[in-house]
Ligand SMILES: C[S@@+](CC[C@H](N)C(=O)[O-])C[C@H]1O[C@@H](n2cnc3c(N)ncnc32)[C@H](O)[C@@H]1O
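The form predicted alone is given below as one chain in C-alpha coordinates.
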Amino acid sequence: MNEVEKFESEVAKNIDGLSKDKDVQALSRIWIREISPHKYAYNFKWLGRPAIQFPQDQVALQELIWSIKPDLIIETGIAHGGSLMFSASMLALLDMEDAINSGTNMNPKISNRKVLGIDIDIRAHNKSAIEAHPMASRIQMIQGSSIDPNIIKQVHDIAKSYKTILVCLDSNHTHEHVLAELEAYASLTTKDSYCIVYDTAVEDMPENLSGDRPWGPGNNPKTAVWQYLQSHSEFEIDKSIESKLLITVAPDGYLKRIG
(Lines give C-alpha, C1' and ligand atoms only; values in the text may rest on other atoms or scores of the structure.)
Protein backbone atom coordinates (compact mmCIF):
# COMPACT_ATOMS: atom_id res chain seq x y z
CA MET A 1 0.00 0.00 0.00
CA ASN A 2 1.53 3.33 -1.07
CA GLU A 3 1.27 6.59 0.87
CA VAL A 4 -1.79 7.83 -1.04
CA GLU A 5 -3.60 4.55 -0.42
CA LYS A 6 -2.63 4.68 3.26
CA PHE A 7 -4.11 8.17 3.59
CA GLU A 8 -7.32 7.16 1.81
CA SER A 9 -7.59 4.13 4.07
CA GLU A 10 -7.19 6.33 7.14
CA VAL A 11 -9.91 8.69 5.90
CA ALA A 12 -12.25 5.75 5.26
CA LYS A 13 -11.67 4.54 8.83
CA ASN A 14 -12.37 8.06 10.15
CA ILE A 15 -15.67 8.23 8.27
CA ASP A 16 -16.65 4.73 9.41
CA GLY A 17 -15.94 5.76 13.00
CA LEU A 18 -18.10 8.86 12.66
CA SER A 19 -20.93 6.76 11.21
CA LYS A 20 -20.95 4.71 14.40
CA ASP A 21 -20.57 7.59 16.86
CA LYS A 22 -24.15 8.28 17.92
CA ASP A 23 -23.12 10.98 20.39
CA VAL A 24 -21.34 13.16 17.83
CA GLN A 25 -24.22 12.64 15.40
CA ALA A 26 -26.66 13.82 18.04
CA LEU A 27 -24.48 16.84 18.79
CA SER A 28 -24.48 17.70 15.10
CA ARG A 29 -28.28 17.59 14.96
CA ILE A 30 -28.44 19.81 18.04
CA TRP A 31 -26.05 22.28 16.43
CA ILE A 32 -28.18 22.43 13.27
CA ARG A 33 -31.32 22.86 15.37
CA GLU A 34 -29.84 25.71 17.38
CA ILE A 35 -28.30 27.54 14.43
CA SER A 36 -31.36 27.30 12.17
CA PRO A 37 -33.30 30.23 13.70
CA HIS A 38 -30.29 32.43 12.90
CA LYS A 39 -30.55 31.58 9.16
CA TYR A 40 -26.96 30.39 9.20
CA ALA A 41 -27.06 29.27 5.55
CA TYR A 42 -27.75 32.85 4.43
CA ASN A 43 -24.31 33.99 5.61
CA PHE A 44 -22.25 32.65 2.71
CA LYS A 45 -21.67 33.69 -0.88
CA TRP A 46 -20.02 32.05 -3.86
CA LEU A 47 -18.31 34.39 -6.31
CA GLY A 48 -20.34 37.28 -4.95
CA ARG A 49 -23.81 35.69 -5.01
CA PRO A 50 -25.63 34.39 -1.90
CA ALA A 51 -25.51 30.59 -1.98
CA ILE A 52 -27.98 29.80 0.87
CA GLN A 53 -26.23 26.51 1.58
CA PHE A 54 -24.17 25.07 4.40
CA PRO A 55 -20.47 25.32 3.44
CA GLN A 56 -20.08 21.65 4.35
CA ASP A 57 -22.58 20.62 1.68
CA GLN A 58 -20.81 22.77 -0.89
CA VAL A 59 -17.52 21.02 -0.14
CA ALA A 60 -19.29 17.68 -0.61
CA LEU A 61 -20.74 18.86 -3.93
CA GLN A 62 -17.27 19.98 -5.04
CA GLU A 63 -15.91 16.51 -4.36
CA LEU A 64 -18.73 14.90 -6.32
CA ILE A 65 -18.41 17.22 -9.32
CA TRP A 66 -14.65 16.71 -9.52
CA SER A 67 -15.10 12.94 -9.34
CA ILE A 68 -18.12 12.56 -11.63
CA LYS A 69 -17.12 15.27 -14.13
CA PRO A 70 -20.66 16.05 -15.31
CA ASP A 71 -21.32 18.00 -18.46
CA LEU A 72 -24.78 19.03 -17.21
CA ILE A 73 -25.88 19.97 -13.70
CA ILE A 74 -29.63 20.41 -13.24
CA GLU A 75 -30.72 22.52 -10.26
CA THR A 76 -34.25 23.23 -9.10
CA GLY A 77 -34.38 26.42 -7.04
CA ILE A 78 -32.30 29.44 -8.07
CA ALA A 79 -32.93 32.17 -5.45
CA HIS A 80 -29.96 34.59 -5.60
CA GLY A 81 -27.95 32.35 -7.90
CA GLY A 82 -25.02 31.44 -5.65
CA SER A 83 -25.54 27.73 -6.16
CA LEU A 84 -25.57 28.22 -9.92
CA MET A 85 -22.29 30.14 -9.65
CA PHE A 86 -20.78 27.37 -7.57
CA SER A 87 -21.70 24.68 -10.08
CA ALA A 88 -20.67 26.84 -13.05
CA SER A 89 -17.27 27.60 -11.53
CA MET A 90 -16.69 23.91 -10.88
CA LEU A 91 -17.56 23.14 -14.50
CA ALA A 92 -15.07 25.85 -15.53
CA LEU A 93 -12.38 24.03 -13.55
CA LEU A 94 -13.27 20.80 -15.31
CA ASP A 95 -12.87 22.60 -18.64
CA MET A 96 -9.49 23.88 -17.47
CA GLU A 97 -8.46 20.35 -16.54
CA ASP A 98 -9.50 19.12 -20.00
CA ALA A 99 -7.53 21.91 -21.67
CA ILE A 100 -4.40 21.14 -19.65
CA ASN A 101 -4.66 17.41 -20.29
CA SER A 102 -5.18 17.92 -24.01
CA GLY A 103 -2.59 20.69 -24.35
CA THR A 104 -5.09 23.07 -25.99
CA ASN A 105 -6.00 26.67 -25.29
CA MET A 106 -9.30 27.11 -23.46
CA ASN A 107 -11.81 29.78 -24.44
CA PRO A 108 -13.65 30.44 -21.15
CA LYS A 109 -16.79 31.50 -23.00
CA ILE A 110 -17.05 28.32 -25.09
CA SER A 111 -17.96 25.19 -23.18
CA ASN A 112 -20.14 22.16 -23.71
CA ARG A 113 -20.74 21.97 -19.95
CA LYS A 114 -23.77 23.78 -18.58
CA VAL A 115 -25.74 24.42 -15.41
CA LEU A 116 -29.51 24.40 -15.93
CA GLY A 117 -31.47 26.21 -13.23
CA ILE A 118 -35.26 26.06 -12.82
CA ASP A 119 -37.28 28.34 -10.55
CA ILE A 120 -40.94 29.30 -10.40
CA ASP A 121 -40.01 32.95 -9.77
CA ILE A 122 -36.66 34.26 -10.97
CA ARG A 123 -36.80 37.74 -9.52
CA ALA A 124 -35.66 40.53 -11.80
CA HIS A 125 -32.79 41.76 -9.63
CA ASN A 126 -31.42 38.22 -9.26
CA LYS A 127 -31.85 37.45 -12.94
CA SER A 128 -29.97 40.57 -14.01
CA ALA A 129 -27.15 39.89 -11.54
CA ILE A 130 -26.80 36.30 -12.73
CA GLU A 131 -26.81 37.32 -16.40
CA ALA A 132 -24.12 39.95 -15.73
CA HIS A 133 -21.86 37.52 -13.88
CA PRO A 134 -18.62 36.19 -15.45
CA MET A 135 -20.05 32.66 -15.14
CA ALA A 136 -23.22 33.56 -17.08
CA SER A 137 -22.18 31.85 -20.32
CA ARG A 138 -22.22 28.50 -18.52
CA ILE A 139 -25.71 28.98 -17.08
CA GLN A 140 -29.17 28.51 -18.57
CA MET A 141 -32.30 29.41 -16.61
CA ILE A 142 -35.92 28.36 -17.05
CA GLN A 143 -38.72 30.16 -15.20
CA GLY A 144 -41.68 28.03 -14.19
CA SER A 145 -42.72 25.34 -11.76
CA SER A 146 -40.24 22.48 -11.74
CA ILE A 147 -43.14 20.01 -11.74
CA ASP A 148 -45.05 21.62 -14.61
CA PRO A 149 -45.19 19.05 -17.45
CA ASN A 150 -44.07 21.67 -19.99
CA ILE A 151 -41.02 22.57 -17.88
CA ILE A 152 -40.20 18.90 -17.33
CA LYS A 153 -40.31 18.32 -21.09
CA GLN A 154 -38.00 21.29 -21.71
CA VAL A 155 -35.47 19.92 -19.22
CA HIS A 156 -35.61 16.41 -20.67
CA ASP A 157 -35.16 17.79 -24.19
CA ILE A 158 -32.10 19.77 -23.09
CA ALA A 159 -30.67 16.77 -21.22
CA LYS A 160 -30.65 14.68 -24.42
CA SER A 161 -27.57 16.59 -25.56
CA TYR A 162 -25.49 15.61 -22.52
CA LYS A 163 -23.77 12.41 -21.42
CA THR A 164 -23.06 12.82 -17.70
CA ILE A 165 -25.71 14.49 -15.54
CA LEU A 166 -25.87 15.44 -11.87
CA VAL A 167 -29.17 16.63 -10.34
CA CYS A 168 -29.75 18.92 -7.33
CA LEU A 169 -33.27 19.42 -5.95
CA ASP A 170 -33.72 22.48 -3.74
CA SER A 171 -37.00 24.30 -4.37
CA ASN A 172 -40.35 23.76 -2.64
CA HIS A 173 -39.70 21.38 0.26
CA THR A 174 -43.08 19.69 0.69
CA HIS A 175 -43.27 15.91 0.40
CA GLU A 176 -45.62 16.09 -2.59
CA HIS A 177 -43.47 18.58 -4.52
CA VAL A 178 -40.14 16.86 -3.89
CA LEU A 179 -41.59 13.46 -4.75
CA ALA A 180 -42.87 14.93 -8.03
CA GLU A 181 -39.41 16.41 -8.71
CA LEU A 182 -37.79 13.05 -8.05
CA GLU A 183 -40.19 11.35 -10.44
CA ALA A 184 -39.50 14.07 -13.02
CA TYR A 185 -35.72 14.44 -12.85
CA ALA A 186 -34.00 11.67 -10.89
CA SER A 187 -34.11 9.41 -13.94
CA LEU A 188 -31.86 11.91 -15.76
CA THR A 189 -29.08 11.16 -13.29
CA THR A 190 -26.47 9.06 -15.03
CA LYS A 191 -25.08 5.87 -13.49
CA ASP A 192 -22.55 6.54 -10.70
CA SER A 193 -23.68 10.17 -10.53
CA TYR A 194 -25.93 11.66 -7.85
CA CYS A 195 -29.33 13.15 -7.34
CA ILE A 196 -28.94 15.40 -4.29
CA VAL A 197 -32.08 16.28 -2.33
CA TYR A 198 -31.52 19.24 -0.02
CA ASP A 199 -33.24 20.18 3.25
CA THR A 200 -34.06 16.62 4.21
CA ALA A 201 -32.95 17.78 7.68
CA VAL A 202 -36.43 19.28 8.14
CA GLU A 203 -37.58 15.82 9.21
CA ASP A 204 -35.16 15.88 12.16
CA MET A 205 -35.96 19.40 13.37
CA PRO A 206 -38.70 20.63 15.74
CA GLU A 207 -41.94 21.56 14.00
CA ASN A 208 -41.77 25.18 15.13
CA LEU A 209 -38.62 25.77 13.05
CA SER A 210 -40.68 25.49 9.87
CA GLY A 211 -42.74 28.51 10.92
CA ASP A 212 -45.60 29.21 8.53
CA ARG A 213 -44.06 27.22 5.70
CA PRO A 214 -46.07 24.31 4.30
CA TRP A 215 -43.44 21.70 5.18
CA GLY A 216 -42.27 20.22 8.47
CA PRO A 217 -41.71 16.86 10.20
CA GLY A 218 -43.66 14.19 8.33
CA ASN A 219 -43.97 16.35 5.21
CA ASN A 220 -40.60 17.22 3.72
CA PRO A 221 -37.83 16.16 1.31
CA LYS A 222 -36.66 13.26 3.48
CA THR A 223 -40.09 11.64 3.58
CA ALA A 224 -40.25 12.08 -0.21
CA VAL A 225 -36.86 10.38 -0.59
CA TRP A 226 -37.97 7.47 1.56
CA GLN A 227 -41.11 6.96 -0.52
CA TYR A 228 -39.28 7.34 -3.82
CA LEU A 229 -36.66 4.74 -2.91
CA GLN A 230 -39.34 2.16 -2.14
CA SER A 231 -39.93 1.78 -5.88
CA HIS A 232 -36.58 2.89 -7.32
CA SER A 233 -33.83 0.42 -6.49
CA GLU A 234 -31.54 2.06 -9.06
CA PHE A 235 -30.70 4.59 -6.33
CA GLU A 236 -29.21 4.18 -2.89
CA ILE A 237 -28.49 6.66 -0.09
CA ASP A 238 -24.76 7.33 0.20
CA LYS A 239 -24.50 7.44 3.98
CA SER A 240 -20.75 8.00 3.87
CA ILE A 241 -21.23 11.62 2.77
CA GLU A 242 -23.42 12.64 5.69
CA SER A 243 -21.19 10.63 8.04
CA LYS A 244 -18.13 12.63 7.12
CA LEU A 245 -19.94 15.98 6.98
CA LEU A 246 -22.00 15.62 10.18
CA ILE A 247 -23.17 19.21 9.61
CA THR A 248 -25.44 18.89 6.56
CA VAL A 249 -28.90 19.97 5.45
CA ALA A 250 -29.17 16.76 3.39
CA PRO A 251 -29.12 13.65 5.61
CA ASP A 252 -30.44 10.75 3.49
CA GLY A 253 -30.37 13.21 0.59
CA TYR A 254 -27.23 12.14 -1.28
CA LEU A 255 -28.70 9.57 -3.68
CA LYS A 256 -26.23 7.66 -5.82
CA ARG A 257 -27.44 6.02 -8.98
CA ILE A 258 -26.18 2.44 -8.95
CA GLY A 259 -28.27 0.94 -11.75
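Note that residue numbering begins at 1 and tracks the sequence as displayed. Nothing here was measured: the structure is a model prediction, and the numbers come from that model.
The same protein has a further form, the form predicted in complex with this ligand, not shown here; the description that follows concerns it.
Open item on the list: I need the one stretch from 156 to 164, 133 to 141, 88 to 96, 118 to 126 whose residues put non-hydrogen atoms within 4.5 angstroms of this ligand in the predicted bound form.
Closed with: Selected stretch: 118 to 126.
Task: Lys114, heavy atom within 4.5 angstroms of this ligand in the predicted bound form - done: Because no heavy atom of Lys114 falls inside 4.5 Å of this ligand in the predicted bound form, the answer is no.
- [ ] Indicate whether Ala79 is a 4.5 Å heavy atom neighbour of this ligand in the predicted bound form.
- [x] Looking in the predicted bound form, residue contacts with this ligand include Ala79, since a heavy atom lies within 4.5 Å.
Open item on the list: Within 4.5 Å, heavy atoms only: does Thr189 come near this ligand in the predicted bound form?
Closed with: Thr189: no, not in contact with this ligand in the predicted bound form.
- [ ] Decide whether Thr174 counts as a contact residue for this ligand in the predicted bound form under a heavy atom distance cut-off of 4.5 Å.
- [x] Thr174: no, not in contact with this ligand in the predicted bound form.
Task: Candidate site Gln53, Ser145 and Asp170: all three near this ligand in the predicted bound form by heavy atom within 4.5 Å - done: The answer is yes: all three residues contact the partner (heavy atom, 4.5 Å cut-off).
Open item on the list: Heavy atom within 4.5 Å of this ligand in the predicted bound form: which residues of 191 to 222 meet that condition, in order?
Closed with: Residues within 4.5 Å: none.
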